[in-house]
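Shown next as structure tokens: one chain only, the form predicted on its own.
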């Protein structure tokens, strides 16, 4: 029979070892991608269009498509997610209906993205006639990320001290005024951090976009800012190959002579961008928490 102190030391060593193994695997994966891809990055690579049958192509349109799709998705997802989170936290009564809603949210959050893509293909692309477009991709990604935004908002509002809410109501503020003026500012750091993390998921998504946004882009004219023009980069109803989809496509086709180098460079850009999303989320969350709570 081992002593409790011995058991504690063994358990601590095992936990530290597992954590160290996870860090090593992550560092090895990131290091491998960076070593292969950073050497191919340049301003021309980030801004020039891809070449299908000759070397020297870039990822400019794909990078722009990813950023534009991210903006469209967040414009749709954030208001819906925050609104649903406020309802679930402050207005929904504890009954079977709200339990069912939470179950649906949990099921949606665990759906494989490929299933969401197939749903988008059947409903958004075919049934509603959106075709392969940025809008269809944004709506599919909204379905994919909405459960996350709902949970983040609900948890952020529930983290507000009950005393502050009761004090606002005791002073005569309405429930809606209490939510908007007292609770949301306190929960805002959590909501903003979660929103940026959701944005990182959108930026790196590929499977759902294969069936909704498409695997090709028209020749874009970056001097044409009319959103109704078929060659305008701001047209939300045009097909758009994103960066993540481009990585999959160029590896699967292998037509370009430097397909391996392009995929390595694009992968490095994708990883760096997602890492930046996470770092910005952590920094912004801490900054806003200190600002709204007056802590140092």
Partner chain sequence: MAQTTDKKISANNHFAEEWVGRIYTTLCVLVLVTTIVAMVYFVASRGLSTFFKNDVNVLELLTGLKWSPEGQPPAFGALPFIFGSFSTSILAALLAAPLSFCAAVFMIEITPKFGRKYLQPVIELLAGIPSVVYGFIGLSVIVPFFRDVFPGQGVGIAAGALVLSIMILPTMTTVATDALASLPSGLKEGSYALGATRWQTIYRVVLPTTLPSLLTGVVLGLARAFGEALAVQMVIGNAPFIPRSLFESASTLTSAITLSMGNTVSGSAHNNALWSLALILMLMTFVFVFIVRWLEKRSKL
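Rigid core: the largest C-alpha set superposing within 1.5 Å between the two forms. Keep in mind that this is a model prediction, so the values were computed, not measured. Positions refer to the first chain, counted from 1.
The same protein has a further form, the form predicted together with its partner chain, not shown here; the description that follows concerns it.
Although the partner is absent from this view, residue 244 contacts its partner chain in the model of the complex, with a non-hydrogen atom inside 4.5 angstroms. None of the heavy atoms of residue 280 is located within 4.5 Å of its partner chain in the model of the complex. Of the heavy atoms in residue 192, none are within 4.5 Å of its partner chain in the model of the complex. Using a 4.5 Å cutoff between non-hydrogen atoms, residue 225 does not count as a contact of its partner chain in the model of the complex. Only one listed stretch (227-235, 64-72, 257-265, 39-47) carries heavy atoms within 4.5 Å of its partner chain in the model of the complex, and that stretch is 257-265. Residues from 114-145 that approach its partner chain in the model of the complex with a non-hydrogen atom closer than or equal to 4.5 Å are 114, 115, 116, 118, 119, 121, 122, 123, 127, 143, in the order they occur in the chain.
Core-superposed comparison between the shown form and the other one: CA of residue 282 displaced by less than 2 Å.
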